[in-house]
Structures are given as structure tokens and as C-alpha cells.
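Single chain ahead, written as C-alpha cells, the form predicted on its own.
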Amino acid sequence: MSIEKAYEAARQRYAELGADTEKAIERLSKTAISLHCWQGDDVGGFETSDGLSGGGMLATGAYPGKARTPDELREDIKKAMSLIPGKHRLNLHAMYAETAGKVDRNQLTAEHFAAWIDWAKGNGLGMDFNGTFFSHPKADSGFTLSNADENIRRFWVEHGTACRKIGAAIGKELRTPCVTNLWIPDGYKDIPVDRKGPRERLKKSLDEIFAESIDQNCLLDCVESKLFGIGSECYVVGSHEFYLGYAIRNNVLLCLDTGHFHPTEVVSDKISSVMTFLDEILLHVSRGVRWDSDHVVILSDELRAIAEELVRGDYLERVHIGLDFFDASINRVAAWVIGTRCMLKALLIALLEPTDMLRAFEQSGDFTSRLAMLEELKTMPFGAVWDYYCTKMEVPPAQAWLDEIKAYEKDVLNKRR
């Protein structure tokens, strides 16, 4: 059966339940996912070795073809985006500045990201930005914005301030707000005596960083929490409770990273709670396996639950979706494609749900019909709608994209030695 015939059959089945496949496709086409640049080079960045230190991220594996230069990384991102339906965004970290190692992070300006901005503009992409508060000599102690050493704390405040100005310049140049996210690794490996002091210093640092008012048409400030990290197992300064309170009081976005909570917690259950008090949030979609291991995103039950919450709560226009994983054990470009397509598939499934019918069952107390229909929906032919959407967006449907990845690996990636 052709893709068109399969789609027509699926369209009719969904219509019988009151779901409009054309409306679902149209809304999905307007939803942008922010692809994280750090998947392509194993979170390395382009600072010189003298500018790197401990306390960084760990991408395991040694699959051939890692991007070694900014141009190679941009080439790989463009290839990945050509295999993903829709128009999306680029998420950049400060350590991807092109400075030839001559500028420290507290002195970065938008000029050091000019090539990225020009590339994004040339490809019609929006961009998001992140401060890099790790892999630097001044982060070796495990404390940055909450550091008791005023000189070190001041350095990182200056970096955070510089990142806001860079984000604002990006947003202004590309004419779309740049979500500029702040995450720090600060914390203790073992049980601390003073939990209060570091958090007071962090609040002081954030107040200083966010002191200047910047047009939200250019910049959207965001703070990101974490439950624990390697070397901060017992205490993280920037906890969920800390940043939730800060975001609400100071009208900045809160980032919920799907790998930054206890394995028994789910972000899907948090969305409606935080959205009751915040205008907008950022989602960093990852896949933690037993811990914040940043595995490639797959079409899991939790990913579907997140997408369902976004659609059922009518949050899509208020939530910024970005990816955050890194895997060097498989083709890095394929990892982007797999993760992003899975995020979009989850959203499509949610958009095809006859939510009004399900809500009516729930409100009338007919929980039997609610459960029955939720299970029946799992075998509806969303795959036919997905394939049709891909062809409509002029990207390979189903697994056909994998052939292009294999050819790109042979012609491009394998020649990087």
C-alpha cells in the first residue's frame, strides 16, 4: 500500500474518533525542537586544551566521525536537520565560541559566535544559548556561582552576564527570542554542614546576572535545576525547589530536564504544576538510564506522557523544547535524527488523541471508558500519518533516512581521521 493510501485509511479511522489528522499535522509543522550542538562532538567545544579542565561532561564511546571543527559540526547538524521534518532550532553552548583560545569565558561577546549566527540566518533557523559553567580551571572546586571565593564567583557572574548579552544579540539578529539557559554543577560529593550559605551566594549571583532588563523579544532567561551529579551526589546548590522559587519570584523560565530528577519522578507530572505559576518553561528532553546518563531519546512511555501533557494542557505555545543527550557509541548524526524524530512522533501521537472525548469520559465519572480508549489508542495507525507528514515535509519516511546516514558516514564521517 502506498503512503498516500495508508494515510487516507488512517485519516478515516482517526476521524471516526473525532481526531483531525490534517490539523494535527499543521500544528506539528509549527512546533520547533532545539537541536543541541554538543551531541556532534561529544561535549568538547572549540576552546584550546589550555582552557579546559576537570568537572566536565562524559560522552562514552569512540564511534568514528566526530566533528573536529566548527565547520564540520555545522555540516553535521545541517545533515541531521535535512532528515527531520519541520523547521527547527540550534541550541549552542558558550564553549563553542570561535576565539582561537584567546578569550576567556567572562570576556565572550556575540562577535565570537558570528559564524554560528550567520549560519543560522542562512539556513532560516532560530538559536538558543547556554552558559558553560564546567570544564574550566575556575570550576575545578565544584563551585561556580555559589563559590565562597569572591574572585571565582565574580568570574562566573561575568560569564553569566556575558551570555545574556550574547543571547540577546542572537535573538535580535535572528528575529526570534533566544532562550538563554543557566545550569551550574555546584554541589558536594558528601554530606555538607552548610546548605544555606551556597544557596544565598547563588541567589546573589543570579540577581547580579539578571539585573539588567533585556527585551524579551530578543532574550528569554532560564534557570535549570538538578537532583545530583557526579561529585555532587549529596548536595546540589541549584535544586528544583531553589530554582522553582527563583523562577516564580523573578519571572524567568524554569528548565525541566527529564534526566535531572529521581528515577521515580516524572517530568510529565510536573508540567501542569509549574505552568500554573509560570508563563513559559523550557524542556530539556533526555533519557536517563538509572541516573542522568543522557541517553539518546526514544519513543518511551514517559516521552509520550510529556507530549500528551503539552497537548492536553494547551501548552505547546508556552513550552520551549530542546534536546540534551550525547552518545559517542553510535553515529552521532543518526543520534540527532533518532532523538528529534522520536520527540516529534510523541507530539504527533498526542495531537491525534481525541482529548475531548476522553475528557468527557473522565468528567462524567466513566473511568472504564477512559481506560479502555486510552489503551485502544495505542494501536491506532499513527505511523501512517507520520510517514505522510515526512513526505509532505520532503524528508525520508519510516527508516528510509538511515540509508542517507550510511552514505553520509561513508562519504564524510569516515574520512575524518
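We number the residues from 1 along the sequence you see. Just so it is clear, the structure is predicted and the values come from calculations on it, not from any experiment.
The same protein also exists as the form predicted in complex with a small molecule; that form is not shown, yet it is the one meant from here on.
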{"property": "Trp183, Phe155, Trp116, Tyr235 - the one with a heavy atom within 4.5 Å of the small molecule in the predicted bound form", "result": "Trp183"}
{"property": "Heavy atom within 4.5 Å of the small molecule in the predicted bound form - residue from Arg341, Lys79, Lys226, Arg304", "result": "Lys226"}
{"property": "Contact flag, Asp324 vs the small molecule in the predicted bound form, heavy atom cut 4.5 Å", "result": "yes"}
{"property": "Proximity of Cys390 to the small molecule in the predicted bound form, heavy atoms at 4.5 Å", "result": "no"}
{"property": "Any non-hydrogen atom of Asp128 within 4.5 angstroms of the small molecule in the predicted bound form", "result": "no"}
{"property": "4.5 angstroms heavy atom contact with the small molecule in the predicted bound form for His260", "result": "yes"}
{"property": "Options 355-363, 35-43, 64-72, 372-380; stretch whose heavy atom lies within 4.5 Å of the small molecule in the predicted bound form", "result": "35-43"}
{"property": "All of Tyr14, Glu308 and Lys345 within 4.5 Å of the small molecule in the predicted bound form, heavy atom check", "result": "no"}
